[in-house]
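Just one chain is shown here, as C-alpha cells, and it is the form predicted on its own.
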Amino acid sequence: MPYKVGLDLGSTAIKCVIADNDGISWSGLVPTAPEQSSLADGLMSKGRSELGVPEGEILPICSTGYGKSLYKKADKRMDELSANALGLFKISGGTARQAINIGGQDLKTLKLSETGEVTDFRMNDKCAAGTGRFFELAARLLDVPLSKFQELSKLPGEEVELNSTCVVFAESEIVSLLARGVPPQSVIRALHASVARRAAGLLGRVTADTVWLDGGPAQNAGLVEAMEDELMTEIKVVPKPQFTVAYGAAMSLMA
C-alpha cells in the first residue's frame, strides 16, 4: 500500500495523516508541547500499528505548519498555506474556490483557481481574536467545555454583542457580560457572530456558491450557522477539518 505521511506541526496541536491515493487512511493528533519530533514520531508509530504497517517499512514524510523545520526526518517541507490549499482542493473534488481556515492562533481566507492554485489569501495573525485560542479562552471564562458550545447556542436567552476586535478587550467584554448576569448561551452566540464577522471581513466578496471551512473550530455547528448568516451563502465543513493541512502535505508526495 503506497502510504504517504503528512505532519502538521501547529501552534496548538500536532496532526498526523497517513494517506493513500484514496484519501486519509489514518489520522491522529496530540497537543503541541516540547519535543515535537518525539510527539510526531509517537503519532506515526501509532498510525503504523493501527494500519498494520511494519516499523521497518519506509514511508515518505512531508512536514508543514509552524514547526515544520523542527522535524528533521521529513523528506519534504511545505508551507502551511500551500498544504491547506492542496488538502482543500483534493477533499472537495476540485470544487473549492473560497475557503476559511480557523487555526489555533491565526485566521486565514483563501481563494483557489480551477486547478487548485492560491489566487489570493488573507491572514489575521496579529491577535488571537477569532482563532482556536479565542474559543479556548472563552470556554475557560464561561466554565463550559467547547463541545457544549453548539448545544448551548440553541438555548433561548438575551441577545448581546461582542464588539472588540482584540482578544484582551473581548475577554473584558465577556467578563462584564457574565457579571451582568447574561447567560452563557447568549455569550456563546455573540462569540460565534463576532468570529463570523471577522472571517467575513477577511474573505471579502463571496464569489462562489459554497465557502469551505476547516480548522478545529469548524466542528462547532453553531459557528457554522453564524457564518452562513453573515456571508449569506452555504458553508461546507471539510471532513476531518483539523487534518486538512496535514492531508495536503501528504498529498504533495503523491506521484
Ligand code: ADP
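Not measured: the values here are computed from a predicted model. The numbering used is simple: start at 1 and walk along the sequence shown.
There is also a form predicted together with the named molecule; it is not shown, and the following applies to it.
Looking at 53-61, 36-44, 195-203, 208-216, the stretch with residues near the named molecule in the predicted complex, meaning non-hydrogen atoms within 4.5 angstroms, turns out to be 208-216. Though the partner is left out of this view, Lys111 does not reach within 4.5 Å of the named molecule in the predicted complex, counting heavy atoms only. The named molecule in the predicted complex comes within 4.5 Å of a heavy atom belonging to Asn220.
Taking non-hydrogen atoms only, Gln105 approaches the named molecule to within 4.5 angstroms in the predicted complex. Contact annotation for Tyr71: none of its heavy atoms lies within 4.5 Å of the named molecule in the predicted complex. Of all the residues from 130-144, those having a non-hydrogen atom no more than 4.5 Å from the named molecule in the predicted complex are Gly132, Arg133, Phe135, Glu136.
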